[in-house]
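Shown here is one chain on its own, the form predicted alone, set out as structure tokens.
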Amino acid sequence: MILYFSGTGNSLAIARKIAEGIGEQVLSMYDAVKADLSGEKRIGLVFPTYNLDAPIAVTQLIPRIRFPKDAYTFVVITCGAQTNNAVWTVRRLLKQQGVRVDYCHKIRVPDSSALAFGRNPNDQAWKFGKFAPRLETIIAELAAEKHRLHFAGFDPFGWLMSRENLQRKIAQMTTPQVNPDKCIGCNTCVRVCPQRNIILLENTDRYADGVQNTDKPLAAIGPHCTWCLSCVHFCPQQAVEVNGKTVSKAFQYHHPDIRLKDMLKR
């Protein structure tokens, strides 16, 4: 079984390709919390690097999943460039459950958070072709149940960037906000948010941040954002902004093999 966490479909697409290559199935980490994995002989974790570490959602979900201790366990990270402490953090969390990671590696994909820094993630589509051979190698090694640890060490720079004051600054740049003038209350962001962190306020007199609204429902983003930016990239009205800037349709990104309906199945 391959467990995944994905915001814009990169990790879901990679999890599916690995699953097809080694004869496994994929399951959202959220669903894995309620699943019986005791009979699984192979367990894979596929997720992205956020802010130089594993996503907050992943670190919260792993302790709630009942992992079989005798399964061949592997981790594959999707990232724009570096994994930093993502593998190290998850290995530590799994070790607390008595689970050893047998294999880990990374695949570079378009960085969906690049728009927070003014860059278009779609300009990084070249990564798919360049790193396709590495993915084939990973699949072959996983099928053979190789024991190899790539990018698994502790990263001092990643640790430094995870300090609270720096994380607060990063959060200010990457936490999405809803523009009430553009939001039409279509409910897409509510449905696509993996954290269930977005709600619609129906016919409210006051929006969460004080914006007056009396004629239409508006989306409101709560305090448990994991910075996956799924709401930003899938909003049909481009009403969810990042770093105070409107994200144009040309800058919205999702993996080319993944559609909105795939993300809603999580």
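Just count from 1 along the sequence shown to find any residue number. Worth saying up front: this structure is predicted, and the values here are computed from it rather than measured.
Beyond what is shown, the protein has a form predicted together with a small molecule; the following relates to that form.
Peer 1: Can you say which of 95-103, 111-119, 148-156, 134-142 gets within 4.5 Å of the small molecule in the model of the complex, counting heavy atoms only?
Peer 2: Comparing against the small molecule in the model of the complex, the contact stretch is 111-119.
Peer 1: Select from the listed residues L61, I43, L52, V26 the one whose heavy atoms reach within 4.5 Å of the small molecule in the model of the complex.
Peer 2: Among L61, I43, L52, V26, a heavy atom within 4.5 Å of the small molecule in the model of the complex occurs only for L52.
Peer 1: Just checking whether T174 would be counted as a contact of the small molecule in the model of the complex - the rule being heavy atoms within 4.5 angstroms.
Peer 2: T174: contacts the small molecule in the model of the complex.
Peer 1: Could you tell me if C79 has a non-hydrogen atom within 4.5 Å of the small molecule in the model of the complex?
Peer 2: Residue-level check for C79: yes, a contact with the small molecule.
Peer 1: In the model of the complex, is there a heavy atom of the small molecule that lies within 4.5 Å of any heavy atom of W227, even though the partner is absent here?
Peer 2: Contact check for W227: yes, within 4.5 Å of the small molecule in the model of the complex.
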